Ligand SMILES: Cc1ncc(COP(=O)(O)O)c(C=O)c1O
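Before any questions on how it binds or moves, here is one chain, the form predicted alone, in structure tokens.
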């Protein structure tokens, strides 16, 4: 076995790349978390889980570190302010938090609190979000951006919020919304400051590229923008048009796309200003990505730019256009929700069991009547070497095909097929080993690493806790939180507890073009084995669904106060079976009554004794109020 150390573990799991200094491995081989990048104090996650279990908090556990949000806001605002200073930009920048990214109250309140020094505002995209945002933004200076569909009630709420002094901007995303505001103005005399969202020809890059561009769901085409300006002029309301907004898609992977979009949006800003629109704000929308993968490959899980480069491009390109056209530079806004929230929460779960599909390298004892193809396949194992491994691979593939045909025709029994599969997997493992040492690895063997792997059953629901991994194959960092001083020897595929065949994580972090397995350790049945799933603060906490009625996990909020010192500032108990059954309109009282009736009939019919009936009824009632996940 190659010599193994913590540095190799960190490189294997790309901890420094995606972790950004918030996560690191300590001398014990345990993963740790910090509240600031490369901060002085860290908390050992394995120790934290052990102490939570001592408090009767069982995994899976969602762990939230709100101070990471503070650090992310500070870095985002700091990069923009640095660019403003470097380029002598003549207007300020304010970050916006679009609450659709994570509407949890503690997140939104933390954003407002931590964002006070930077004038952070909120973005709402629905009536429900707007109602929450209006109540939470007590400082009238906080910018509030209103996107999404707007009915008459939405329009009225925005108008009244404007009248009471809130710094609110409803963004016109389809032309009919403008008429709704004009109609309300004629009825009430109240007109808030307006924004217009434009559809750019520029499209984003990555998984969400289709959410931008000329065929995007929201925004006005150029003719509609001209029509809106003329319409506002007709009503003598053009002075209320203060903001221009665009969005090129979430998690933009290429900085060249951002540069192109900024040029196009900047030109629109200039031309609209020339037509008399008194624009004071430019909202560059979302799109600022994060690196989930830690690799250099071109996927929608990575980005090829830094936050400072992003801020520099926004500031420089908008200033260049405004100065050239003698137009005042606008106040800049950005809706970088993924960037702000992704790192702040993580899920720790235990591996409940494993299913072996890798070869066990057993001593193959052939029966006397073994078919020749099986004998030939087993002989390959002892004869394979560096000089003939490709030939051995070809022979194994041939014999495997012959033996599968024999099994289908009834000439190979189940024991023979099992031996064939074990022998074939053993050969493939040896072929991979020789191929890795070969200076000129055959192209046809490039995909063999996707072969036999071990199934690791993790105590969580993919659909509840990691919906984007299921829906769009989003890659999230997954790493054992302990035993990192040991070399992982298993090629693992992580699956969840649901009965759905889609409850499987199909791609993992790493350098290869595709990584269909995750290196993990051999699990000791006598010791718990924990893995962490990281960067799930954006979208995952609110997109989850009740597949198989697995509910919310326990959630613990910690404040890091010193080296391995923390305070649990909040604990939210995960859903019980009673909770999730209630979500789908079951009555626990009614179910218990129905179950008791059936148990009594079973006693009458002699199928259960009184003691057994009491035991079953106790188990049934206790199960109703237990965690929906496995408990020790």
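All of these numbers come straight from a predicted model, not from anything done at the bench. Numbering follows the first chain given and starts at 1.
Another form, the form predicted in complex with this ligand, is not on view; read the next lines as being about it.
Practice problem: Classify residue 101 as contacting or not contacting this ligand in the predicted complex by the rule of any non-hydrogen atom within 4.5 angstroms, answering yes or no. | Solution: Within the cut-off, so yes.
Quiz prompt | Interface membership of residue 338, this ligand in the predicted complex, 4.5 Å heavy atom rule | solution = Although this ligand is absent here, residue 338 would touch it in the predicted complex, with heavy atoms inside 4.5 Å.
Quiz prompt | 4.5 Å heavy atom contact, residue 349 and this ligand in the predicted complex | solution = Contact with this ligand, no.
Quiz item: Heavy atom to heavy atom, is residue 123 within 4.5 Å of this ligand in the predicted complex?
Solution: Close contact exists here: in the predicted complex, residue 123 approaches this ligand to within 4.5 Å, heavy atoms only.
Quiz item: Between the options 150, 245, 72, 482, which residue brings a heavy atom to within 4.5 Å of this ligand in the predicted complex?
Solution: Contact with this ligand in the predicted complex is made by 245 alone.
Exercise. Sort through 251, 345, 459, 540 and report the residue having a heavy atom within 4.5 Å of this ligand in the predicted complex.
Key: If I apply the 4.5 Å criterion carefully, the residue I get is 251.
Quiz item: Tell me which of 521 to 529, 424 to 432, 314 to 322, 286 to 294 has residues with heavy atoms within 4.5 angstroms of this ligand in the predicted complex?
Solution: Contact criterion met by 286 to 294 only.
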